[in-house]
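Presented below, as structure tokens, is a lone chain in the form predicted alone.
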Amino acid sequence: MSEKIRKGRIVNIQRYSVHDGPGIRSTVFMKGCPLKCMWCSNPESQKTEEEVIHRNSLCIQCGSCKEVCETDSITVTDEGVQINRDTCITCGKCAEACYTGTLSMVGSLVTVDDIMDVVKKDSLFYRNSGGGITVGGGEPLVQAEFVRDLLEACHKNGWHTVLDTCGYGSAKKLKMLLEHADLVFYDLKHMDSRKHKKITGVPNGKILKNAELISSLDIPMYVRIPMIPGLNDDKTNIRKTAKFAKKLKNVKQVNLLPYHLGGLGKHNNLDREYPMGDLKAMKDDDVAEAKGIFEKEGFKVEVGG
């Protein structure tokens, strides 16, 4: 009897990426995340199951989606499509019937070979630019076995790999992925565990311990810090984060990621409330001050990326 082929659920594959690691890269976004960060810019990657998303700017109110909906979960108005998420069974028929692209499904079930067929088309770019494959999400640890197989396949092709993780998962699963990770992008969102839970839904103890684990294995790490006004941008937290990162012997760079409104539209497309309301972006002076705190500790710091 042949071995069952493992499958994973992804949001999408972004080709020709230049912000997810060195060189030109292909970024695989896994579906499913144990965190629910209030500012999440990729809410479509939070749930593990497939979802239907609508982009009403494309809707021409033709009603094709409503005609095929078996549960009568769709209403078409002058503003576009409205979906009753309580009765929708995510069958995908509405997306199949929608020829304008207003409705689509998020969360394809694929094999490692399916992904390799896509990313290998850009192998020449990886070689010439020093690029490779980045696996993020969502959170790769949610589908650790599949991601392990994917990273291993990339290494067999000689491609550089980046693991982009929030670090919230078991040490055993993390070690499994680190065996085939050349570089780790690691999120630090707050040093106070109680506040971390308030803004992400989970405490930070496991995250900090896993950061120390990566350091003990001496795998290069970029610490990435989302800068969210009023939530984690206070100077006390920034200084504590810098002191913690200083204890990790493998941090090659710190990336400060100032808050933006990129998640607002996606929340609307999924019919979810956007927790950040009308929060404005950080002021340049505040970002510069945070940058200076990390530079004082001897870190190379990039804003964005």
Partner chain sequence: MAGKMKYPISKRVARLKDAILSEPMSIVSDRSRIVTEYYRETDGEPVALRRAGAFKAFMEKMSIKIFDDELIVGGLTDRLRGCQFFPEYASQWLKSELETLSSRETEQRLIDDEDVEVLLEDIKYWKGRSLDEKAIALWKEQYGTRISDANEARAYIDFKGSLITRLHADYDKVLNKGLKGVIKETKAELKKLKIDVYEDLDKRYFLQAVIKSCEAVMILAKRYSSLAKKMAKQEKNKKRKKELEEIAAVCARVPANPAENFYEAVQSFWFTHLGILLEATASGVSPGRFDQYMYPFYQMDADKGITDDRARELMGCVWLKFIQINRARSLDLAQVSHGTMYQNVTVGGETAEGKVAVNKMSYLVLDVTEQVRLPQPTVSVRYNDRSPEDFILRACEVVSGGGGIPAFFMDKYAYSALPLFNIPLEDVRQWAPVGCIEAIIPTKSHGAFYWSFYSLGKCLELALHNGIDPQTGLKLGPKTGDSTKFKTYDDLFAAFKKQVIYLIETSKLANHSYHPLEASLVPVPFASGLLDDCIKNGKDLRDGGAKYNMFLSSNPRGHITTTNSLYALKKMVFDDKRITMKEMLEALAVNFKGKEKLRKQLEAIPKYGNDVDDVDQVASDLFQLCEKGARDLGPGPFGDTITTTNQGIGLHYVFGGALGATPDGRMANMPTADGSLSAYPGSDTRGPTALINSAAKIAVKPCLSSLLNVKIHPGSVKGLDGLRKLMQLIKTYSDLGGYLIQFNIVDTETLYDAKEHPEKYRDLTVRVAGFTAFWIDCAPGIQDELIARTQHEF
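Numbering follows the first chain given and starts at 1. What you are looking at is a predicted structure, and each value in this text was computed from that prediction instead of being measured. Here, rigid core means the biggest group of C-alpha atoms that superpose within 1.5 Å across both forms.
Another form, the form predicted together with the partner chain, is not on view; read the next lines as being about it.
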| Counting only heavy atoms and a 4.5 Å cutoff, which of 145-153, 71-79, 197-205, 121-129 contacts the partner chain in the model of the complex? | 121-129
| remark: Only hit among S64, Q46, N237, N269 for heavy atom within 4.5 Å of the partner chain in the model of the complex is S64
| said: Would you classify I24 as touching the partner chain in the model of the complex, given a 4.5 Å non-hydrogen atom cut-off? | reply: yes
| query | For I60, is any heavy atom within 4.5 Å of the partner chain in the model of the complex, or not? | reply | yes
| request: Answer yes if any heavy atom of S108 is within 4.5 Å of a heavy atom of the partner chain in the model of the complex; otherwise answer no. | output: no
| field | Interface membership of T100, the partner chain in the model of the complex, 4.5 Å heavy atom rule | value | yes
| message | On a rigid core superposition, would K283 pass a 2 Å threshold for CA movement between the shown form and the other one? | response | yes
